[in-house]
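Have a look below at one chain only, the form predicted on its own, in structure tokens format.
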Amino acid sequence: MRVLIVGGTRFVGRHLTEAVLAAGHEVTLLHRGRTNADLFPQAVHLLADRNEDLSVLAGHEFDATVDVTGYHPGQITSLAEALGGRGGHYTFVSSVSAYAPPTGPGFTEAAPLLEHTGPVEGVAVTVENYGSLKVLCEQRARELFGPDVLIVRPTYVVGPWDPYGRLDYWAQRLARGGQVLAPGDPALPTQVIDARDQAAWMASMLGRGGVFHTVTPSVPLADLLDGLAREFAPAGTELTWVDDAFLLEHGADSGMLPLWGDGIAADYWVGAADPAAALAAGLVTRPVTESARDLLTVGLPDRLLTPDRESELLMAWTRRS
């Protein structure tokens, strides 16, 4: 197949490109040339900013298009117009953030979605409107590419080259041992997906439609961290659970402490999506400890909690307790 990947050189897109190439397809990458532009010399590289001018797509025809970088419905419209019906089957990477706050665990792909309120055109993507804009993107995709599009809704995507260091942080922090600050509610439902597993599955789904959660089975955050501790932590490692209110009061957020939901009650069940549909369609997920093992020596983003800041928070928590 001739496959166009919009993005394709950074994290999720990078793993997808590797998987699609490994499956023997001809790959064209549409990207700005700013991140890992020297990767994948065997692919055709079309350099363009999708928010400006997509004329580089003129004259190209594809059997499938996979959109990894769509965040605003206007981007879906401009891509469809530039392809002019030559894009083939369309896949859109969305998010479980598209759902209205779930009321319990095990919600399926038929659960209610968010409704976007307020203006759309020219609106910047923020944490607050990210999910509802993804919903609009999904709707626009069906309008312009047809009802048989493939919609992929992951939760936390982890693995090599994750720019947010979500699983990387916990693997390395637990491997250091000592007193480890664990954030929020130990029972918080948590799901991840290794970007490599998602990519392999998406490559196998080219040309197929539907809506799917690409997630591992849900587990309490405590179980996930305890499993990593058993695998990587030295003897004497202690998890100290610090509650949401205290962390928020002291300026912490999920950018510093990955997999923590910032104590937002409405999002409590977001990490409890039902993976049955994707598993039945062939999704295979590796153990989280296997994903983590590949992340023990990678560099971490500066945004993550530093040892000094962790010590300050733990001392303040001890004094308050």
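One rule holds for the numbers: they count along the sequence shown, beginning at 1. All values derive from a computational prediction rather than experimental measurement.
The same protein also has a form predicted in complex with a small molecule, omitted here; what follows describes it.
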S204, T77, S95, T237 - the one with a heavy atom within 4.5 Å of the small molecule in the model of the complex: S95
Quick one: of A64, V288, V68, A252, which gets a non-hydrogen atom within 4.5 angstroms of the small molecule in the model of the complex? V68
Non-hydrogen atom within 4.5 Å of the small molecule in the model of the complex for each of H31, R34 and Y156: yes
Option from 227-235, 242-250, 139-147, 156-164 whose residues, in the model of the complex, bring a heavy atom within 4.5 Å of the small molecule: 156-164
Spell out, yes or no, whether the shortest heavy atom distance between D49 and the small molecule in the model of the complex is within 4.5 Å. yes
Any chance R173 has a heavy atom within 4.5 Å of the small molecule in the model of the complex? no
Would R10 count as a contact of the small molecule in the model of the complex, using a 4.5 angstroms cut-off between non-hydrogen atoms? yes
Does the small molecule get within 4.5 angstroms of any non-hydrogen atom of F107 in the model of the complex? no
